[in-house]
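Okay, so we've got the same protein chain twice, two forms, each given alone as structure tokens, structure 1 and structure 2.
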Structure 1
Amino acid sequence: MIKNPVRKEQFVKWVLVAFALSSLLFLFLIFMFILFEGLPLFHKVGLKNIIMGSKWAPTKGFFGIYPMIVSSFFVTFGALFIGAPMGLSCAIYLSEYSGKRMKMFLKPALELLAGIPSVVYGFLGVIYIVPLIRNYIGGSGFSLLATSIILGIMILPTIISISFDSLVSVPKTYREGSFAMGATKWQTIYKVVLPAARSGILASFILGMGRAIGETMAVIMIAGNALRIPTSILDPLRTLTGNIALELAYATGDHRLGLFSTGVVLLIIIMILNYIANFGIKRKM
């Protein structure tokens, strides 16, 4: 080992710099390899034929993923439609209404929802939600609706924990001022606290969207994976992630490149969402 303390200090510092750079290196590798595999096809087939093409038959030379892009956004907004109100009201309850002991119990319990593996959500969706929809609403049950419900539940922990943080960080004086003017608790929350925490709540929704659009295993189990753009909430659909997971193990040659192109599109969408959530929205914290 190095004896001289000054040199040792230097050595340690450079090792730590190398460690810190490793994250950047990994990010770079991930980008490079997905782009490296995915971009040649854009060149060969044409950007428009991939992004706007509506036919996916890679073994026959069609690489259109437009229906999957649209479907991915459908399930994401579906999930948000279900998860956002539920998550936000839980966050409001936790930050404004619950007692300290209740909070100590509820918050970890809700965060445990995030720990349950996505395959388990998918499985329960297939066993319970899909037949329920098939028997009482219609269609095969493998549908936009079923997928939205399951994804809505899966994004709850993200929405709850981030909007909770932003609600808690609203200064106490805001609330006291409102109460002093004779407002009820709900008026205070609705008119003062929520607007003050607006950007954090918005960020939680966008990160929730990121989670929903990236979810894979649960989605291929319940979405039905049909290639057409769904025309009703009872139609099956295939997301970008589902397309990769269904066919990756099988694919060779251009077919595999097509899946990497799907990955490129997914990566770009995710990066945009993350950028908006982390930097675009100035969180007041």
Structure 2
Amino acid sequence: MIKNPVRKEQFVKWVLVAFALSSLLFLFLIFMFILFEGLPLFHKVGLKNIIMGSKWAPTKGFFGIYPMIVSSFFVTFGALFIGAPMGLSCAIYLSEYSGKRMKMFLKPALELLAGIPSVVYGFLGVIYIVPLIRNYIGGSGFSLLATSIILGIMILPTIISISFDSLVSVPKTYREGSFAMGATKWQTIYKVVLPAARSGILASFILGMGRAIGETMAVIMIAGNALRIPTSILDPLRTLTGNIALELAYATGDHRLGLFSTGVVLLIIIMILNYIANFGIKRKM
């Protein structure tokens, strides 16, 4: 037992510091593991041949992941195109228009939406979204459009939660000053509140992009997994995450190293997006 209060405080402090640093340690170990496994192929094949290569055939010595990089960004921006307006609109309603009872109902519902497993979203996409696209728009249904719709729904909790916090954090004096100048409620929201919360809203969009580009199971189920760059919203595609998940179970040798190289590229993209989002949040604060 530690009887000295000062020593006890120091002991608790260093225990908490150790737990805090452990998360950074895990992140560092994961990054180093993926980097250690993926770099040998970059050295052997060449960075340009992997990043800009258009053909993925590991058993024949082709490790190009450019179509998957492009497809990942297409899906991500498609999800953002669908999810960002919906999420921001919901956040505005929650922060500016909804009453206390409605807010108490909607907030837990949004948190529940965030807890639904991705495989459930994928299942709903296969059962409902894919047939609707196939029957009323065209194509096989397993497409960029279907994937963007599902991911757009999946990123809603992230966008709504962070945007809501940003809007609520805008001082009430901003609104009161706008009302005093004769502005309507919507004019106040559009001209005053949204610009004041701009950095936080942008951060929510970027974190939503990170969520979308890192999604795997739902994407595998509805994307179609075609190894080419989609030229239409009705074309199938394969993302970086889908490529890893589909082939890692049976990959060996250079094929396995190629999947780890894919993971390195994906990890760097997500880290860049998170850094940009954190920078935006710090600017807001």
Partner chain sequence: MRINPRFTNKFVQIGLNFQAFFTVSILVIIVAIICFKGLPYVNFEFIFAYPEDMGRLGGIFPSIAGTILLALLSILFATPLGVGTAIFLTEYTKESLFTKIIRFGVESLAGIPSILYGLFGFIFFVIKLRMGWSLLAGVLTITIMILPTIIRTSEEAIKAVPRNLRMVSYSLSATKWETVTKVVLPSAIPGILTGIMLSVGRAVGETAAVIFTMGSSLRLPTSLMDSGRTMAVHFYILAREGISMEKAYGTALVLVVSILLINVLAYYIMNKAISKYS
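Here, a residue number simply tells you its place in the sequence of structure 1, counted from 1. Basically, rigid core = biggest C-alpha set you can superpose within 1.5 Å across the two forms. Treat the numbers as computed from the prediction; the structure is a model and nothing was measured.
Peer 1: Could you let me know which number goes with the form predicted alone?
Peer 2: Form predicted alone: structure 2.
Peer 1: Once you overlay the rigid core, does the Cα of residue 10 travel 2 Å or further between structure 1 and structure 2?
Peer 2: For residue 10, whose C-alpha is compared between structure 1 and structure 2 after core superposition, the shift is 2 Å or more.
Peer 1: Using a rigid core alignment, state whether the CA of residue 272 is displaced by 2 Å or more between structure 1 and structure 2.
Peer 2: No, shifts by less than 2 Å.
Peer 1: After superposing on the rigid core, what is the C-alpha displacement of residue 19 between structure 1 and structure 2, in Å?
Peer 2: It moves 2.8 Å at the C-alpha.
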